[in-house]
Each structure stands twice: as C-alpha cells, then as structure tokens.
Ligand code: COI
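Given next, in structure tokens, is a single chain: the form predicted alone.
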C-alpha cells in the first residue's frame, strides 16, 4: 500500500468533546445513508474579512436567523467526501486536496470567501480523529464527510453576504446504490446552462433538480440523466454522478463545458482507464460531446456494452436502464469494465490495493 502522510498542526482548534458518545446506541450494520450523524462537528465563522478561531463541538442544532441571506439568496455550497478504515484501523482519505480545491472553486463562483488549506485539512483531520470509531468496517460502509458553507448576514437585500459559517459534519453510511441504477433522459427540464453555476457544487443546483427527479422516480427510474440546456441532445451528467459509456472498444464520457461538476471520482476513473486500456481491452478513452441519439443508435446496433456512473457517494454504479422518448434501453448484466473499476478504485481507497498515484492520504 502507498499512502501519503500529511503533517499537522498549524492552527488552534477549540475542542468540546461530548460527555457520552451515542455510538453504542447505533446499529452499524444498518445505518442507511445520510440519517445518522456522528458525535461532533467542526465549525468556523467568517467575519470582518477573516476566519475566526475554529472549534469542534457536539453535533447538534445551530442558531438560525430567519433573515440569514443564505435562505433568501442561495449562497450555500458543499462537498462530499469519505473516510475509509485502513488495514490498521486508522482513517484513510481519498484525494482530499481535490475536494478542498473544488470547494474553493464553488466559493469563488458563488462570491464567497475561500477556505484556507490548513483550516480545511486540519479541521477535517481533527474531527475525524475524534470520531474515527464511527467509521464502519469496509464491508458495511464508510464515514461520509460533508463540508459546507453558507451565508449568515442578517440582511434582506440582493448582495453577497459579509459573514459566513463553515461546517464539517460526518455520518456513517452504507452503500448509496444497492442495485444497478435506472435513468430517465428528459428534454423537458435542464440542470444547468453555459455561464451558470453547473460546475459549482452549489445548493441551488440540487434544489432545481428535485422536481424532475420526483417525476423520474414516479415512472420507476432512480434519477434523471441530464441533457444540455440549449439543444436538449448532449448528455451531461446524472443527478448524483458523472456518467460513462462503453461503446465497442472505447469508453466515452461527456467533456466539461462549464455545466458539469468536476468529479473527483470521475477524474480518478479516467486516470485508471487510460493507464489500463490494454488490460481492459480498450482502444480509446474519450472526453467529448455525447449525444443521447448516439447512445440510442449504439444500443440499437448492439455496440453499447456498458454504462456506469461515478461519484463519491456512488463510487462506481452500473446503469441497468436508460429511458428516452418513451422507450427503454436495457443494458447487459455483464459489466467487465465497471466491475474492474469498482474493485480497483475501492481497493485503493481502502488500502487493500497498491496506490501508484498517492491518492490515499493518512493524516
């Protein structure tokens, strides 16, 4: 196993531990996803142009003013990360620098202050060190990590806030998708347009997706497969994942145009695919525009071998069905590419497979 080690500490963090952990009351074999939260949370406030002293406190409710500008004008961003249990029982993190970079990209786009590297990383480490007993065994799940920031000015007026709160909390989770996913491509709704906030992990993007997602679920699908906002033809991403298609001996994924979230898992999968083309029997790995009609034609011709999604929550999720224009494309149960990717990536993330890229970090 190759693991990068990050040195610590350069900032002071006030820590108020819980009097008694709630962990003994939790059935770690049945945690689901996103409803059970660990003992502590990291909190840091921004005011007067600087970050204040951070603290770790018991997880719980926070004071909320009804005039908080985040509620009215949508200045809210977040990240999704995971901590894995290493072979020695210690926490392992997967490419945390990339999450820090992406969060600051989102902050810049949403006119919010950037988070210093030390504040993000040392806050993350201190929190997980305190709650590392909450990391499930790898056959049961992982510890999901949710850094997020929101505007806190008590002001009703359309402008960027002067004050913000940065929070990290965690929750033990099982696997996001238990079965291969079913997606519905729709021309009726759009997720993002060029020049918008599609490549920022902003809360409003997800709010706008909820109604189309509800409609898709009412028809028996798991999620929407988004098409571009101008032509309603080119595939962008799924509501929870970036997407890949195996056509003949090529793997194809949509090229970012400013409307697609830059996935950390997506980037990692691209690297694995490019470095292992021969092993996987591939001739090419292509980043380009992908039309839903091209996918439909490949399906009809019998050359659409696989489709899968990538994301922190989903890791590698095989796609079983794509609905479009009143018809379903039912994909094969044989998924050699996505199966290999899942085993390779998850093996690296959990320290069971050698990491040649130094993606895995131990603080």
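Quick caveat, the model's predicted, so the values are computed rather than measured. Positions refer to the first chain, counted from 1.
The form predicted in complex with this ligand exists for this protein as well; it is not shown, and the discussion that follows is about that form.
Stretch-level contact analysis of 108 to 116, 212 to 220, 84 to 92, 141 to 149 against this ligand in the predicted bound form, using heavy atoms and a 4.5 Å limit, identifies 141 to 149.
Not displayed here, this ligand is kept clear of residue 155 by more than 4.5 Å at the level of heavy atoms in the predicted bound form.
When contacts are judged by a 4.5 Å heavy atom cut-off, residue 190 does not count as touching this ligand in the predicted bound form. In the predicted bound form, this ligand lies within 4.5 Å of some heavy atom of residue 240. Using a 4.5 angstroms threshold between heavy atoms, residue 176 counts as touching this ligand in the predicted bound form. Site annotation in the predicted bound form: the residue of 201, 182, 266, 125 reaching within 4.5 Å of this ligand with a heavy atom is 201. With the partner omitted from this view, the residue of 47, 43, 313, 28 that lies near this ligand in the predicted bound form is 313 [heavy atom within 4.5 Å].
Contacts to this ligand in the predicted bound form (heavy atom within 4.5 Å) from stretch 73 to 88: 78, 80.
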